[in-house]
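Before any questions on how it binds or moves, here is one chain, the form predicted alone, in structure tokens.
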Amino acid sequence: MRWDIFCQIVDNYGDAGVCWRLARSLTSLHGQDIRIFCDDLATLNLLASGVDETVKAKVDLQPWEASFINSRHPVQTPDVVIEAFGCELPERYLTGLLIAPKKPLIINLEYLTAEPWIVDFHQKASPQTHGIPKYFFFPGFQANVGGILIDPVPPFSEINSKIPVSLQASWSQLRPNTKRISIFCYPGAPLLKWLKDLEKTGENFDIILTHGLLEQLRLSTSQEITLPESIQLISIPFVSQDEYDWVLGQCDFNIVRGEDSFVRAQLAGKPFIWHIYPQEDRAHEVKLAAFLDLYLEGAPQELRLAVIAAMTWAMPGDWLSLLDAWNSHSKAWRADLLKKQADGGLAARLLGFVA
């Protein structure tokens, strides 16, 4: 089938990352014909870089305007239209669907959440005045919702695996017998204070900062950044999704944000902090609590309290002593996730629903 995926980028990477990973799953694993219309094609192309060209060539990446500029980009009527994260379809594109002889199925692909209420709304109809059928589809961790994106499942924890070319210079700075922490977070996190507190553990840390984070850290303080000798900051360049997945697998601990890196951190089987996107109505606190209810189900009370503290930016000196126990829990969680997604996860469940 032909699928059109519409993606409007809200917070730089996450929305594009999910759309790209979904598209490559539908094409590479399920043989579908995919187009992405994106309002920030430059970012989408960056995330898709570094991918095998035979994989990338299967997805037709188009600017948002191409969905209705028929003279340059003829738009064939698709079988399925995905409004990623509830973005509205361009009016002229929708008009074209209305006059087309074949009507597609429209899917409002929502944000990933562990909140229990999504079970009651998943796959429910969303009647429209224009008459084209539209449905809600909720990704999630429960068995009876939309699942998560698991493609590709990378070879994690392979310390001696081949270093991507784009990361070789950064990786040459790593010190032996030193714990590695990767950080990808939003502005507003108490990052400098958090890093300085690591000294209390008495260990050495190499801190892998994603592209632009060092500058963000410098802007957050009016003084020069001074850290103990035990802590080394390493800033890496902008990397593709697959290369970032590799970084997560090489670190002992990861701080992630958004939806795509949140899922990849779990699939890395490593302890992590999810710096969930802060919302003014504090809805993010409800979403984080719902995830932790699932993530920590059955965990010992001491570990539960440590993880909850870490996720709410308690200083690492308060909980890092339980890192080994958290590491074992993370591996078990990853194994359980993959078991529950044995049907192929989000891409396969979308395809099954459409069929």
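Every value quoted in this text rests on a predicted model; they were computed, and no experiment measured them. Position 1 is the first residue in the sequence shown; the rest follow in order.
What comes next is about the form predicted together with a small molecule, which does not appear here.
In the predicted bound form, residue 182 stays away from the small molecule, with no heavy atom inside 4.5 Å. Heavy atoms of residue 239 reach within 4.5 Å of the small molecule in the predicted bound form, making it an interface residue. By the criterion of a heavy atom within 4.5 Å, residue 258 is counted among the residues contacting the small molecule in the predicted bound form. For the chain shown alone, residue 272 is not a contact residue for the small molecule in the predicted bound form, no non-hydrogen atom being within 4.5 angstroms.
Only one listed stretch (258-266, 134-142, 89-97, 197-205) carries heavy atoms within 4.5 Å of the small molecule in the predicted bound form, and that stretch is 258-266. A heavy atom within 4.5 Å of the small molecule in the predicted bound form is found for exactly one of 250, 113, 170, 210: 210.
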